[in-house]
Each structure stands twice: as C-alpha cells, then as structure tokens.
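Each of the two blocks below gives one form of the same protein chain as structure tokens; they are labelled structure 1 and structure 2.
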Structure 1
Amino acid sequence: MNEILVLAEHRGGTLGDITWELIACGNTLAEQAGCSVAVALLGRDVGQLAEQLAAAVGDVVVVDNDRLEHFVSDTYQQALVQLIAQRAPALILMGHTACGLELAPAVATSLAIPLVTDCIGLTFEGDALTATRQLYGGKVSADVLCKPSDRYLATIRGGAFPADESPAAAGTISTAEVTIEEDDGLKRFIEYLECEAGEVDITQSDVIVAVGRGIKEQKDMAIVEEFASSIGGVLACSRPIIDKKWLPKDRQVGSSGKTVRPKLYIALGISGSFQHLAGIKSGGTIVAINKDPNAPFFTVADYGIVADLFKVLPVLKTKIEELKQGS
C-alpha cells in the first residue's frame, strides 16, 4: 500500500477542525496498514498553512494556483484528480462537510473508484477497506465492506476522530503542478455569507452544561444557567429545549445541531438519544444527572447520578467552589 492522502479544508487563512480529524484518522489507518500519510493542500498563497500541517504530518503536498483561491468544486476536482494520478494513493480522505459532499462524488466518478460516505470508522482487512457507518438515523451501526479496488475514497463525519494539532513531526513540504482548464462558468465563487454569531460558541467551550426535557418549566432555566456560569461553563441543550424556544438554535448539541468537544460535559435531564450523543462523540469527561436509572446517557457517561437534578445542582456547585478555593 502506497499512502493515504488527506484533503485539507481551509477558509479565510484558517485550517478547518475537520482537517486535523482527518489526519488523526489517516494516522490510525497508516499505522495499521504500514503506509504513510500525506496531506494535500489546494489553494493560493497557502505557505503558512502548509507549515502548520508539516508540524503534524510527515508529507504536505501543495497545489498553488490562482484559480484555487476559493473552493469551487469543478476546479478542485480537476486539480485533485491530477494529483491523485501523480501520487497513486490507496485511500483519499475528505471531510463529510459541505465541500466534501460536493467534491467527493465527482472525484470518485472521474476516477471510477469506490466511494463510501459519512464514515465514523475505517479499517483495512488486507487491501480491502471496511467502513463503519450509521444507518436509520444513527440507530444502527453497520460495517460496510467495499468492493476490491486499487484505490478508495471516503468522507469522514466530523467528530468521529479526535483532532490532534500537537506537533508530531518535522514534515516536508513539496509542490505539485496541475493544469486547470477554463471552466464553463456554471459554477463560480461569489462570496462567503457568514452565519450571524450567537452570544457564545458552544463548539469552542471547554465546559458545557446541557439541559433536556428534564427541565419542566422555563423559569428553571435561570437556575441552570446560573450554575453553568458559576463553574465557568456555557449553557447548551438537546432538541426539546429548542422546540420550546427556551434557547436559540445555536445552543443545540446533536446530529441536527452542533458537535462539541469540551473537557467537561454535564448533561442535566437529558435521556441521551443517539441523535444527541452523536454531537459529543469526541468530548472529554461526561457527567449525566437523570432521575431515570435506565437513561441511555448512563451507558456513555464517565460519572452518573440518578437523582433529581435540582437537588444535585446546589451540592455540586458547593463542591466545585470548595475545590476551586483549595486549588
């Protein structure tokens, strides 16, 4: 097996979190298969990004072209197909993102290679690729064996692998030349329209206190928010709280909300449906508080408390304050 090629995602001079997760996935597979990992960086004047990547992976290959300044799937497809032909990787990894969803099928079709999408796990059995995917809205996990091929392409779900940006290697940076033909004008970059920022960004928070349907009345939200603030955390929630409009949509954690990676996640009155748990796959320490001893959240929590959350919160708050004073 030659190598695993990871496609880096970036925008506005910043590498996307999914890039580091793809590298983690590639490193895991490479160790298993006994091959190397390379990162493909497509863009214009991306030398600084290449240096960041070279600190984490052994080989970074840069395709620098004026027409790659912004992501347009047609031009990216041309460049990536040529790069794959030059390097002949056994596996190409992309994020299961807006970019990957548009680009991956086009590249796979151009190269006539198997494509498997939205993967949460990958493994090689010999030269054959097996992908783990979730079906029926996450209720079932299935191992999908791809047909034999010299090359595969897979998209990876965000949060499926823990991102690791810590320096691990003094990697090399090389360049590759490609020819991008004039496009037909059907697709072109106009501008980025950024979503309006909310009061807080839960995806960047180290401590999250999340609430669910166990909060019976809206007036009780103030108690939980005060608790979250007292321990240096932010307030998030599951879908029922959004449906009641007690918190804005940007506070929702889960498959239809945001994926978070806090150091501490405290779940209050959340049963732990698979849709919600999908949003904290790469989280740190998880604490679940619920009156139902059979709540699914207890199967993934590091610490579980079967009790009324409003009786637990004051005690928990006092204990945390004592620990802070002691430190």
Structure 2
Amino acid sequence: MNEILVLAEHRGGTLGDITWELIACGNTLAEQAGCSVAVALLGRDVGQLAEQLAAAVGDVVVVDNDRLEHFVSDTYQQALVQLIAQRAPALILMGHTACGLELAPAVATSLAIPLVTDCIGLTFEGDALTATRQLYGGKVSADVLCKPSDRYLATIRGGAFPADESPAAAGTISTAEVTIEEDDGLKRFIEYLECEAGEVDITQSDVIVAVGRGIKEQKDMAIVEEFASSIGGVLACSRPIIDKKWLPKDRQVGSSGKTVRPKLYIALGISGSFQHLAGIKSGGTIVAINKDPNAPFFTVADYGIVADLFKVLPVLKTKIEELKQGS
C-alpha cells in the first residue's frame, strides 16, 4: 500500500498537540497496512518546525511558500492537492480541528475521495478503510465503511489517539514545489482575535465548579455561584452557558475555550461532549452530577451522582460544611 500522509497543524510558530496524535495514529495504521508515514508541513519559514518533526518521524515533506503564511483553506487546498498528486498517498490524515473543519471536506470534494470526520478509531482491512466515530453527542458509536478508493481522507478527534512517548530515530526533510495561483481575493486572512481576559482566570484555580445546559434559567446561576464560593472554587461552564451570555467567554472550558488543570472539577448538568472534555487536562478528581445515567461525562469522572443537580447542591453544600466544621 502507498504511504499515509499526515498534515501537520501549527499556528503562531508552534505545532499543535494534534500533530503528534496524528503521527501516532498514522504509525499504528502504517504498521497494520505495511506502509510508511510521511508528515506534510505547509507554511512559511517553517524550517524549525520541520526539524522538530524530523526528530520524531521518518519522513517530513515541507512546502514553504509565502502564500501559506496563515492558514487559509483556499491556498492550503491548492498546495495539498498538488502534494497529494505528487506522492499518491493511500490515506491523508488531518485533525478534526478548526483547520480540519475548514479544509478536509474541501479537499475530499475536489478529489472526489471518501472522507470520514472526527474518527476515534481507524482500521485497514486490505485496502478498505473502516472508521469508528461517535454520534448523538457520544451516546452511540458507529462503524463507517469507505467505498474502495485509491485514496481516503480522515480527520481524527483530539485525544483519541495518544501521542507516542518515545519518538523514532532521526528522519529526513525534503521539500516539495507547488504553484499557488495569484490571489483572487475570494478569501483572505485579516487578523487573529484574542479572547479578552476577565476578572477571574479559571486556569489558575484548584477547584472548579462547572455548569452546563442542565441549568435552565438564568436565575439559577445564583445557586451554583453560591455553591462554588462555599467550597472555595470558581465558576466555569460549558458552551451553552456562554451562548446565553450567562457567564463571560473566558469561563468556557473546552476546545474552543480554556484548558484547565484543577485538583477538583465538579461538572453540574454537563453531558460531556468531546469538545468540553478536551478542556479538562488533569490528574485531578472529576465529579459529575447529572440526571441522565447515560451521560458520557460518567465515563471520565471519578465520582458520579445520578440526580437532579438542584436537589443535590443544597445537601452537598451542608454535608461538606459539616465535615469541615468536624475537623
């Protein structure tokens, strides 16, 4: 089988974690299928990133072009499609990230090849690719079979394929030439926008009480706020609470919000979507309180209570206070 081509992801001169996970995923698959892995690095002045990658994978192919300074899918698509034509990989792997969302379906459409997104498992049986992915917010899994093709494209979920601990031997860096058409003005990068810092930095707190859509009315925010402060924690949340503007954006935990590493994380009425869980990186204790026993959060929590959070909170607060006074 031909090679597996991994698209490295980077922004602001730093490789994204997903890149190492893509490489790990590619390595496992390559072993299965008996083929090699190459990493495609597209960008401008990316020599240093290429060396970082070469220290971990055998084969790094660089497309260095002024027009690739910022990730804009139109130019990336042009470059990648040419690179694919040159190398004829059997599989192209990208992250299911803001970049992957923008680029992967465009490349798949232009090449008319099968695409499976947000994969948590990938296997080759002969030349046939099957992917495992989740549906219905993680409550159901599905196997997705691709029609036989010379080439497949898949995007993987962050965290689903842990990065290899020990990098392989030093590899080689090669460059590929592509031509990118004159700027047609159809799509242009203007600027990055940072999230405004608020008064509380949730990433600095040891105790986080996070709330989700289980809170159905704004007035109930006062109840959780009070609970959080009674145990010395700060209030954070899942995305729907931000969407309703009940808390400022800097309190959002997850892939498009903050990454937190508290000693204690108490999730109240949060289902546990992968985008939310991506923001909790800790060896700390995770507690989930949810009235749905099948909520995916229970698969990552250390302790769980299956109940209405509004019945639990006042009692839990009292119990904790009693214990504190007892000591």
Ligand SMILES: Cc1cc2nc3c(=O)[nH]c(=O)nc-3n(C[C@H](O)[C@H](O)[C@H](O)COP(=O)(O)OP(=O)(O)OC[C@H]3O[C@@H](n4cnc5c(N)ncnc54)[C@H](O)[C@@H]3O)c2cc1C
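So that the term is clear: the rigid core is the largest set of C-alpha atoms that superpose within 1.5 Å between two forms. For residue numbers, the reference is structure 1: its sequence is counted from 1. These numbers come from a predicted model, not from an experiment.
Student: For this pair of chain forms, which number matches the form predicted together with this ligand?
Tutor: Structure 2 is the one predicted together with this ligand.
Student: Once the two forms are fit on the core, has residue 244 moved its CA by at least 2 Å between the two structures?
Tutor: The answer is yes, as the C-alpha of residue 244 shifts between the two structures by 2 Å or more after core alignment.
Student: Can a Cα shift of no less than 2 Å be assigned to residue 229 between the two structures, given superposition on the rigid core?
Tutor: Yes, the C-alpha position differs by at least 2 Å between the two structures.
Student: Fitting the rigid core first, would the Cα of residue 65 be found 2 Å or more away between the two structures?
Tutor: The answer is no, as the C-alpha of residue 65 shifts between the two structures by less than 2 Å after core alignment.
Student: Keeping the rigid core superposed, can you check how far the CA atom of residue 216 moves between the two structures, in angstrom?
Tutor: With the cores aligned, its C-alpha sits 17.1 Å away.
Student: Having superposed the rigid core, state how many Å the Cα of residue 301 shifts between the two structures.
Tutor: Residue shift at the C-alpha: 7.7 Å.
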